[in-house]
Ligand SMILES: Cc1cc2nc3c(=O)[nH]c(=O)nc-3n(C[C@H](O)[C@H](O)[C@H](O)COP(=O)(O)OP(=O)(O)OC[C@H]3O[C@@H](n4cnc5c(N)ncnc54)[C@H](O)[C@@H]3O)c2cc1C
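Just the one chain here, laid out as C-alpha cells, in the form predicted on its own.
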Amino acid sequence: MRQVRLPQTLADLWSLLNKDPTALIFSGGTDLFVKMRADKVAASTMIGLERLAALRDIREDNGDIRIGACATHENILRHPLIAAHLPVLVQALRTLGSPPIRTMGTIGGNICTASPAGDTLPPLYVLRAEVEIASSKGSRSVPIPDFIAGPGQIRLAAGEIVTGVRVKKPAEFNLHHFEKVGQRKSMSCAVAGMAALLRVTPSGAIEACRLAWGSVGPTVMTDAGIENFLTGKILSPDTLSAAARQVTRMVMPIDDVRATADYRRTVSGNLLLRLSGMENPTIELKRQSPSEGM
C-alpha cells in the first residue's frame, strides 16, 4: 500500500528522507497524478511539500525576488511584487493550463518536471533565475540552465529538494514579452514559445536583449550570437527578419503528434517577428483576470 507523508517542517522532511531515501517528493502533483492514473509511479512512499510554509512565500530578499518552490502559479500570478517587476513571467502564467491547474500546480514542480514545453521556463531563463536547493546537510544555488539537464532530467542529488527560485529585478529592460503557439487557444501545450527581455531606446535602438525559446529543443534554447546580433540595431521588421533566419538554424525541434520539426522552426522565427512594432515599449500590463489571457 502506498503511503503519503505531509511534513509540517523542514526538520520533519529531512527525518522522513533519512528513513526512506527512495521516497518520491512532490508539490502540486499535476503531472504526478497523471502518471499515477497510468500506473507509472513505483514508489511506495510519497512526500508532499504542500504544508511547508517556508516553501510557499513570495518576497523581496536583498533586492532580489524569491519565489518559494511550492508557490502556486495562481498565487504568483496575483502577487503584486511579480506584477510590478516580472511582467514576462506574468504573461507566461496567464497561458499556463486552466484555472484549476494554476491553482494546484507550483513553480517548483514546473521546474523539476523539466519539460521542454514548461511555460515558466523560458521566462526564468531570460530572467537568469537561480534555483535554490537544500538538504539536511546545507543549501546551494544553481543557475537554471545548469539545473535542467534534459527532458525530465534535473541535477538534484539524493536527499535534496528545490526550495525556491531567485531572480534579480530586471529594471534595465523596458520590454517584456512572452508568447506561445499551440494547437488551440487555451489549455494548450506549446508547439513553440518565446520569452524576451529588451532594453530599447525612444529612437528604437536595441541596447540589450535576452531571448529564450521553449518546445523547440531538449531544453530551453538560448543563443548569445543572436542576442549579440540584435544588440545595437534598430528594432525593425528587417532587423528581426534577419535574426529570425538565424533562429530557424539554431533551434533543435523534433517531429511529434503536435507539430513537425519544420513547422516549429518556422514558428520560432516568426515569434521573434512579433516584437516588430514595439519601438515604444512599456512593461505596464493591462490588468486582467487569469482567464482573459487564455
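Throughout, we count residues from 1 along the sequence that is shown. Quick caveat, the model's predicted, so the values are computed rather than measured.
Same protein, other form: the form predicted together with this ligand, not shown, and the subject of what follows.
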Identify whether this ligand in the predicted complex is within 4.5 Å of every residue in the set Phe26, Leu49 and Leu96, based on non-hydrogen atoms.
yes
Identify, from the list Val90, Val200, Ala117, Val167, the residue with a heavy atom within 4.5 Å of this ligand in the predicted complex.
Ala117
Contacting member of Ile161, Leu86, Leu175, Cys209, with respect to this ligand in the predicted complex [4.5 Å, heavy atom]
Ile161
Is there any non-hydrogen atom of Ala53 lying within 4.5 Å of this ligand in the predicted complex?
no
4.5 angstroms heavy atom contact with this ligand in the predicted complex for Ala69
yes
Tell me, yes or no, whether Gly108 is in contact with this ligand in the predicted complex, where a contact means a heavy atom of each within 4.5 Å.
yes
Within a 4.5 Å heavy atom cut-off, is Cys112 in contact with this ligand in the predicted complex?
yes
Candidate stretches 32-40, 224-232, 261-269, 247-255, one within 4.5 Å of this ligand in the predicted complex by heavy atom:
32-40
Residues within stretch 131-158 having a non-hydrogen atom within 4.5 Å of this ligand in the predicted complex:
Leu156
